[in-house]
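Heads up, the chain below is alone and in the form predicted on its own; it's given as C-alpha cells.
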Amino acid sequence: MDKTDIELLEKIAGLHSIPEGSFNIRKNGERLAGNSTSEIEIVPKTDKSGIDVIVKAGVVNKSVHIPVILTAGNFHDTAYNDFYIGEGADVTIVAGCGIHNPAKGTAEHDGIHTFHLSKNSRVKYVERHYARGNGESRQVFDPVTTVYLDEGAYLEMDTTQMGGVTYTERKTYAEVGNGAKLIVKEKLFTENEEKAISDFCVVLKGKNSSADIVSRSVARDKSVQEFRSDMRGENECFGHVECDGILLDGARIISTPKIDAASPDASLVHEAAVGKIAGEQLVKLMSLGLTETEAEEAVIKGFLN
C-alpha cells in the first residue's frame, strides 16, 4: 500500500496497518488483501463482484474490517456484500469507503449490502464515507442496504459522511422481526454544491419489534440535503424517527416523513428540526476567546459527535 492508501484507510476505518483476524480490503475494484478465520469466514463471490461474510453461531467479541478505497478517476466500482450472522453471535463490522480522485471525471463506489441476522444475534456496523478531489472531479457514493432481523436480533448502524462527497443517495430497507431492534445513527456533512439523499424504509413486522432512526446533519454553502423516511408498524411495536439539521449560508435541507400504523398496537413517532446555530451559543464560545469561525466549527463538531 502507498501513502494515499494508508491515509484513506485511517480516515474510514481507523487502520494504520493490515488488521488481525478476518478482513477484506478492496482497492479500485480488486481485492487488495484479505483473511478468514474459523469463526468469521470471508468468501469472494463467483457470480459477481463482492464477498460473503459468514459469522458462525455463538461467536462473540470479534470484529471484521471490510474497507474500500478508490484512487483512480473515471472509475465506477460496485460491490455486492452479504452478511450472514449466526444465532447468538455478537460482532462489530467496520466498513466504509475512501475516494482520492486525481482526475477530472467521476469516481464512484456503490456498496450493495444485505444483512441476515439470525435469532438473538447482535451486530454493530460502522460505515464512514470520505472523499477528496481536485476541484473539477466528482466523488459519488450510492449505497443500498437491506436488513433482515430475526427474532431477538439487534443491529446498530453508525454511518458517517465526513466531506468531499459530490453526490450520494443512501437507500436503506429493513424488516424487523419479533423482539428485534434496529438502531441507526446517521451523521452527515455537506458543503459547496454537494447533494446528499438519505432514504429509509423500515417495516416493523414482529411483535415487540422496535426501530430508532436518528439523523444529524450540517449543510453549508449551496449544498442540498434530502431526508426521506417511511416507517410502517404492522404489529405491536415502537418506532422513532428523528431528523435534526443545522443550516448555514445558502444551503437547503428537506425532510419528508411518513409513518404508517397498520396495527392498533403500533406506536410510531417522527421528529424533525432544522435551523441555524443559536446566536447565544456563538456569543458564549466567543467570550471564551474563540473567533466567530472557531466558535461555529466547535458547535458543528459537537453537534455531529
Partner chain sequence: MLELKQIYYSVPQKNSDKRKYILSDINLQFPDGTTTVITGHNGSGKSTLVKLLMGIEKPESGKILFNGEDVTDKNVTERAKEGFTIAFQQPVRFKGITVKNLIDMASKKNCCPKDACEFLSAVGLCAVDYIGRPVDDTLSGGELKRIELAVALAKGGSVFLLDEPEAGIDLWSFDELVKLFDALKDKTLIIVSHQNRILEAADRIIVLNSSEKPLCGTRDEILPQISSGEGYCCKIRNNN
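Residue numbers count along the first chain shown, from 1. None of these values were measured; they are calculated from a predicted model.
There is another form of the same protein, the form predicted in complex with the partner chain; it is not shown, and what comes next is about it.
Heavy atoms within 4.5 Å of the partner chain in the model of the complex are found in exactly one of 62 to 70, 274 to 282, 39 to 47, 24 to 32, that being 274 to 282. Contact check for Asp244: a non-hydrogen atom falls within 4.5 Å of the partner chain in the model of the complex. Although the partner is absent from this view, Val299 contacts the partner chain in the model of the complex, with a non-hydrogen atom inside 4.5 angstroms. Contact between Ser17 and the partner chain in the model of the complex is not found at the 4.5 Å heavy atom cutoff. A residue is said to contact a partner when one of its heavy atoms sits within 4.5 Å of a partner heavy atom; Arg216 meets this definition for the partner chain in the model of the complex.
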